[in-house]
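Before any questions on how it binds or moves, here is one chain, the form predicted alone, in C-alpha cells.
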Amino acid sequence: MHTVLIIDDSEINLTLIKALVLKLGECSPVLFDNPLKALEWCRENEPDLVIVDYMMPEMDGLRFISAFRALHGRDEIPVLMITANDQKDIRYEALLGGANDFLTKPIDRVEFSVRARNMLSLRTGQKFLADRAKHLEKLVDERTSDIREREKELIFRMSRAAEFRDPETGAHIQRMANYSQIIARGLDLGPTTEKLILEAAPMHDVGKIGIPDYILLKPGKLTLEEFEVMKGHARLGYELLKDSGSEILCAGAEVALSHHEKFDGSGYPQGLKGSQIPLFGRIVAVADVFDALTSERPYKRAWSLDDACSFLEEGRGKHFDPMCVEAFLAGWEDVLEVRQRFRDEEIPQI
C-alpha cells in the first residue's frame, strides 16, 4: 500500500485528486489543506508520493518542497507539483528546488494516472533497493559477528592454554580483562575501545606457552637466570600475536609486550617510561597486578583488598600510570561486582 500525500488549499481539488489517487489502486491518500500542517505530518511520517499545489497561502509549493527535502530521509521521495499552463518559470524553479514532475490545471485524468504510476513505480524501486541494502547489511553484520565470536573463542582458548601451564586460573583471565575494561571506561576511551581491551587483555601472558615448566611451575623464588627466562614471555607473546589482520590480536600483541613495563622505566622488556608505554599496557598492568595480589594461589595467600589498593596507591608514578590507578579505584563498585562474578575454585594450600 502506497501513502500519497496531497496538499492543496482548495477542497474541490483535494476531493478530485483523492478520487484519482484511489483509482490507481493500493494507494492510501492523506489530505491537507494547509502546507504547514502537512510539513509537520511529514516530520513523523514518510509518504511514497507527494502531490502539492503551487498557489497556496502561508507557504507556496516551492517553499514546501524546499522544506520537505530538508527533512531527514525525504530527499528521494517523488514530488509531483501542480501548476498553471503559463507558469514555466515556476516549473524551472521547482525542478531546481526538488520537484520530480508536473501536472497542469485543469488536471487530465489519463495524464495524472500515467505520471502518478510512474512516480510510484520509482518509489517502489527505491524502497526495494533500500530494503535490499538493509538486508545485505544485516547479513554482513551477522557474518561478521559470527567470525568475531569464533575469533574471541579462539583467543580465549589460547589464553587458557597458557594459564593451564601456570598456577593462575581461568577466572583470573576474566577478572583482569573486566578490570581493564573498567579502567578504560574510567578514562573515557569509549565503548569500542572498552570492548577491544576486554577482548585483548586475556592474551597478556600467552607467551608463557614458551616458558619451560621447571621455571614456570617452580614453587620457590626464581634465580636471576630463571627470572630472565621468565621475562621472555612478554616478547614470546608479542611474536606469537603480531602482524595479524585481526584488530584484537594486534591489540593482544601490544598488551603482551608492554604489560610488565613500569611507569618509572624500571620494567621489562624494553624499559619504557611514562607515555612511551602503550596505553593498553599501562591499563593491563594495574588490572593484572591487582588480581594477582588479591588471588589465592597454592604458594601464597591472597592480600586483603585494602592492602592491594594501598599497593596500587604507593605505586602511582613508579610502577603504575597514576591515571589508570585513579580510574580503577573510581570504578570500585564495578570491581567488586567482577570479583563476585568470576570467583576462583577453592585451591588447596601447600
Partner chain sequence: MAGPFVLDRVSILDRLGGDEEIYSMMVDMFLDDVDANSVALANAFASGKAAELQREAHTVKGLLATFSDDDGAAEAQEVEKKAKAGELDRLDDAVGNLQRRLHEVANALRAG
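What we label the rigid core is the largest C-alpha set whose atoms superpose within 1.5 Å from one form to the other. In this text, all values refer to a predicted model and were calculated from it rather than measured experimentally. Numbering follows the first chain given and starts at 1.
Although not depicted, the form predicted together with its partner chain is the subject of the following passage.
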property	result
Heavy atom within 4.5 Å of its partner chain in the predicted bound form - the one residue of Lys242, Lys105, Lys195, Lys231 that qualifies	Lys105
Its partner chain: the contacting residue among Leu62, Met55, Leu39, Ala302 in the predicted bound form [heavy atom, 4.5 Å]	Met55
Close approach of Arg341 to its partner chain in the predicted bound form, 4.5 Å, heavy atom	no
is_contact(Leu139, its partner chain) in the predicted bound form, heavy atom dist at most 4.5 Å	no
Residue contact check: Glu333 to its partner chain in the predicted bound form, 4.5 Å heavy atom	no
4.5 Å heavy atom contact, Ala327 and its partner chain in the predicted bound form	no
Answer range among 107-115, 222-230, 243-251, 208-216 for contact with its partner chain, defined in the predicted bound form as heavy atoms within 4.5 Å	107-115
Any residue of 5-31 that, in the predicted bound form, places a heavy atom within 4.5 Å of its partner chain	Asp9, Glu11, Ile12, Thr15, Leu16, Ala19, Leu20, Lys23
Core-superposed comparison between the shown form and the other one, Gly317 Cα displacement 2 Å or beyond	no
Rigid core superposition, Met56 Cα moves 2 angstroms or more between the shown form and the other one	yes
C-alpha of Ala330 off by 2 Å or more between the shown form and the other one on rigid core	no
